[in-house]
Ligand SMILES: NC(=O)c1ccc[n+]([C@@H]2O[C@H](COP(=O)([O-])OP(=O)(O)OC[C@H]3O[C@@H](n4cnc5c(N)ncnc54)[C@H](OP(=O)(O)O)[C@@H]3O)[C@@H](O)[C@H]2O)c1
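Consider the single chain below, provided in structure tokens and representing the form predicted on its own.
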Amino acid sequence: MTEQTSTPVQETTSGRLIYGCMGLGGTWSDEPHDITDVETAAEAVEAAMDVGVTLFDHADIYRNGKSETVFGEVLAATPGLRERIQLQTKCGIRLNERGLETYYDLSSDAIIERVNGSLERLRTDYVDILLLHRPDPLMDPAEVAAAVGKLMAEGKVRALGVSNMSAAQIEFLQDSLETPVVANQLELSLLKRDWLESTVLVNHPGAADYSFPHGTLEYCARQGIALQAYGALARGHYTGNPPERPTLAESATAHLLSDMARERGTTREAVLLGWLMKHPAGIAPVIGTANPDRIRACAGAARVAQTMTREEWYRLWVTARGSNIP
């Protein structure tokens, strides 16, 4: 098993904003993108860099590959941009193939094939981080290690991470790898709170309501595995895209975020992300919106994380859950 040490990738990722490119590239159809999709991507990239983002998150399946394609066109049209940023992409999910709507494939051949496809679409020679998108029950860790080793030897992948994996799954995989797992991307937010509820509901009847694998955050912290949070803006529930019939807790949380933002002279997005970044695990929120204004609204998140009090942090959590903690 490879000993975990801090790497430049981990240091760049931990506690920093990441831009998630799933919203780029137009529709999820097989139809090709158009010029407006490239313009949208360019505006989103510019806005993300304005708020200090240097890591851009992709997956081979996003918009059926069009997210990577339009991003590649932005890179090609902007000399020097590739050297100023880091790219990560994911593989392991197959959509609408062989008569199945979805299945997972972390076989050696599939990993190599999908990475080469991503590099071609992104118009780059390498990705800084490759994430294994979902746990594959048929995964052979030795096969994964062989594929990753080949890609790294060829200079096509510089670091390996995972997504949606528990501590036990990462440890099982790591035993066969010659390179450390540097990141784990999970859905973490004030709306999706399983990761947090599981820490305080140990030995409590309410624990059965949450499926998050207890101990995963602690394992990642001990091993130096950077935590990336997708869905960090809570899908807009509290910041401009509320559900048609919000619950009392959702309405109260939106009002509290507005009050806290007004008191600080910042935005609700910054407070929402700052709450996540306040956690000592060094969570790096992934911003998924393609709206440049909403991207720029995230600018003050790190400052909010530094100034938010313990009482304010707990007040947001308790308000969002709609009841007191045990």
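Residue positions are given as counts along the sequence shown, with the first one as 1. Source: prediction; values computed, not measured.
Beyond the structure shown, there is the form predicted together with the named molecule, which is absent from this document and is the topic of what follows.
Enquirer: For the three residues G52, A270 and G274, verify that every one has a non-hydrogen atom within 4.5 Å of the named molecule in the predicted complex; reply yes or no.
Expert: Result no, not one residue of the spot touches the named molecule.
Enquirer: Should T78 be classed as touching the named molecule in the predicted complex when contacts are defined as heavy atoms within 4.5 Å?
Expert: So T78 does not count as contacting the named molecule.
Enquirer: Is there any non-hydrogen atom of M22 lying within 4.5 Å of the named molecule in the predicted complex?
Expert: M22: yes, in contact with the named molecule in the predicted complex.
Enquirer: Does the named molecule come within 4.5 Å of any heavy atom of A47 in the predicted complex?
Expert: No.
Enquirer: Is there a heavy atom of R264 no more than 4.5 Å from a heavy atom of the named molecule in the predicted complex?
Expert: Although the named molecule is absent here, R264 would stay clear of it in the predicted complex, with no heavy atoms inside 4.5 Å.
Enquirer: If you check G231, G149, G117, G224 against the named molecule in the predicted complex, which one has a heavy atom within 4.5 Å?
Expert: Of the candidates G231, G149, G117, G224, G231 is the one lying within 4.5 Å of the named molecule in the predicted complex.
Enquirer: P141, P213, G236, P135: which sits within 4.5 Å of the named molecule in the predicted complex by any heavy atom?
Expert: The option sitting close enough to the partner is G236.
Enquirer: Could you tell me which stretch in 247-255, 158-166, 173-181, 118-126 has residues with non-hydrogen atoms within 4.5 Å of the named molecule in the predicted complex?
Expert: Only one stretch qualifies here: 158-166.
Enquirer: Quick one: name the residues from 184-210 with any non-hydrogen atom within 4.5 angstroms of the named molecule in the predicted complex.
Expert: The stretch 184-210, when checked against the named molecule in the predicted complex, contributes only Q185 at the 4.5 Å heavy-atom cut-off.
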